[in-house]
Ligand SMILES: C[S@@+](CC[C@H](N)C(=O)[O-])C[C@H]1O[C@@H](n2cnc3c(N)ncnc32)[C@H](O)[C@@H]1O
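Okay, so here's just one chain, in structure tokens, the form predicted alone.
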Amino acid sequence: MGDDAEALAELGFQVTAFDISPTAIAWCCQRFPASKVHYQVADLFKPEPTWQRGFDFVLESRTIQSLPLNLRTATIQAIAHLVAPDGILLVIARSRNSEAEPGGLLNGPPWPLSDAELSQFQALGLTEVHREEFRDETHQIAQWLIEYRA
């Protein structure tokens, strides 16, 4: 809905925020008509060529966990390939302490991420430099904030 993108822009970042849904992008533009954020309709799995390794900072906030499990590897690969050399990837996601597949559709989305799923970022050349577990104040659900460096 644009809140994360707007917060980063207020901190001085030049922000590109995208979604596959034209409706979602139109909503962001309507919510923030004077925004400095470059809102764009785009497909994570078919990014603009200039986006490959093109961003110094990538925020992945709860996107992976919202997608079906069979799309996670492709999603992780697509996100990792956006991070520029020496860039930072910040991942915020619900966590699970088991490699067992989380419950069915009635129990999600979101489907929490496991260590094995997140280790794919390291297999793609990113280095984990910080991990913090926290619980959201409303639901007391375990979550991770993980920083990776390219």
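Quick note: we count residues from 1 along the sequence shown, nothing fancier. Nothing here was measured: the structure is a model prediction, and the numbers come from that model.
As for the form predicted together with this ligand, it is not shown, yet the points below apply to it.
Residues within 4.5 angstroms of this ligand in the predicted complex, judged by any non-hydrogen atom, belong to 43 to 51 and to none of the other stretches in 43 to 51, 79 to 87, 93 to 101, 114 to 122. Within 4.5 Å of some heavy atom of this ligand in the predicted complex lies at least one heavy atom of Arg62. Heavy atoms of Gln140 never reach within 4.5 Å of this ligand in the predicted complex, leaving it off the interface. Contact check for Thr127: every heavy atom lies farther than 4.5 Å from this ligand in the predicted complex. Though the partner is left out of this view, Ser66 does reach within 4.5 Å of this ligand in the predicted complex, counting heavy atoms only. In the predicted complex, this ligand lies within 4.5 angstroms of at least one heavy atom of each of the following residues of 8 to 23: Phe18, Asp19, Ile20, Ser21, in sequence order.
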